[in-house]
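Just the one chain here, the form predicted alone, laid out as structure tokens.
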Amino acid sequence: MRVVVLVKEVLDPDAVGAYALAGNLNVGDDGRTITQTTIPRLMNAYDEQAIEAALRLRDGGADCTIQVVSIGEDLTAILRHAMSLGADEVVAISPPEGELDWHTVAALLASYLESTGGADLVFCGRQASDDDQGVVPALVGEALGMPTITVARRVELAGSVVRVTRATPDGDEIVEADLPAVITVGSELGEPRYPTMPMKMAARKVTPTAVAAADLPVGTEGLAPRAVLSKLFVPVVSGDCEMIDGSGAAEQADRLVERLLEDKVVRP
């Protein structure tokens, strides 16, 4: 059984947030790129949980090979991290020239999967922390003719059927689908495992399999972006803090309630 996990390298969202709050996050003259070179790049956190979902299937007895695939330049660090977590194979697809949007990324990933024999299960993070769109998994599923199940909390196999517990605003929902299928994973799955030191040491020796986008059977039309970033900007964040005076906690609480009533935040 072939299980493929699609991952993305992103800027560390905590570092980006810290720069933004400090007013030091700068956009370049092109108006579309962040200029800070000190912000670390790492694997998208939801994608790491997607790897964890695949590993749990194997831990549960599934006879499978877990392959982790990503598109980008210099992906050795995140792919070695995937190996240290327990992946069997890692693949780096070098992007074509020009801009990529969700459609072109999905076309490249689907083309790679189809040209290498397909997959029984494709895991993805529910969304990426840099653009928060979450559309690539559905586009991959559509391109490959696979059902797509989103926001998985738990994934189980029963022969050729996958059983997924989904986290929804109204509570958990259990759905089933025939394999092959695409599944997106969110934080509801739980904390991913930490790599052991021996696994980290072994992963340092791994060189990801390199695949050029030009070698994939994707036509010119498939590589034409449909959405193009026109402007990137840092919104102005402002806030006011008012201290509530009082001789003690009870008096401060009374004054706070009075102020909330005045501002009609609460009703009597």
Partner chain sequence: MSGPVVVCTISGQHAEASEEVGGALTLGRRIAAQRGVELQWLVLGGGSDAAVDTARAQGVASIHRVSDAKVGRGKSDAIVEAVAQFCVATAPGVVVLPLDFDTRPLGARVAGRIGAAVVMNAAAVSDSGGRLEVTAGGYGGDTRGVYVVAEDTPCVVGLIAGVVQPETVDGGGEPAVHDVAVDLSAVDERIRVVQAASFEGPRLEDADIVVAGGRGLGAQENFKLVEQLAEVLGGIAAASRPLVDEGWIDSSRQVGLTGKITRPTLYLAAGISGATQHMVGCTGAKTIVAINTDPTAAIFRYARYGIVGDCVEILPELIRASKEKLQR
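Between two forms, the rigid core is defined as the largest C-alpha subset superposing within 1.5 Å. Since the structure is predicted, the reported quantities are computational estimates derived from the model, not experimental observations. Residue numbers count along the first chain shown, from 1.
Keep in mind that the form predicted in complex with the partner chain is not shown, yet the notes after this line are about it.
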**Prompt:** Can E99 be called a contact residue for the partner chain in the model of the complex at 4.5 Å between heavy atoms?
**Reply:** no
**Prompt:** Though only this chain appears here, would G171 touch the partner chain in the model of the complex if you measure heavy atom gaps against 4.5 Å?
**Reply:** yes
**4.5 Å heavy atom contact, A77 to the partner chain in the model of the complex** = no
**Request:** Could you confirm whether P235 comes within 4.5 Å of the partner chain in the model of the complex, counting heavy atoms only?
**Result:** yes
**Prompt:** Out of the stretches listed (139-147, 89-97, 68-76, 110-118), which one is close to the partner chain in the model of the complex, meaning heavy atoms within 4.5 Å?
**Reply:** 139-147
**Message:** If the cut-off is 4.5 angstroms on heavy atoms, which of these, M199, A62, A227, A45, is the one near the partner chain in the model of the complex?
**Reply:** A227
**Asked** If we check the partner chain in the model of the complex, which of the residues in 114-131 reach within 4.5 angstroms of it by a non-hydrogen atom?
**Response** R126, Q127, S129, D130, D131
**Prompt:** Would you say L11 moves its Cα by 2 Å or more between the shown form and the other one, aligning on the core?
**Reply:** no
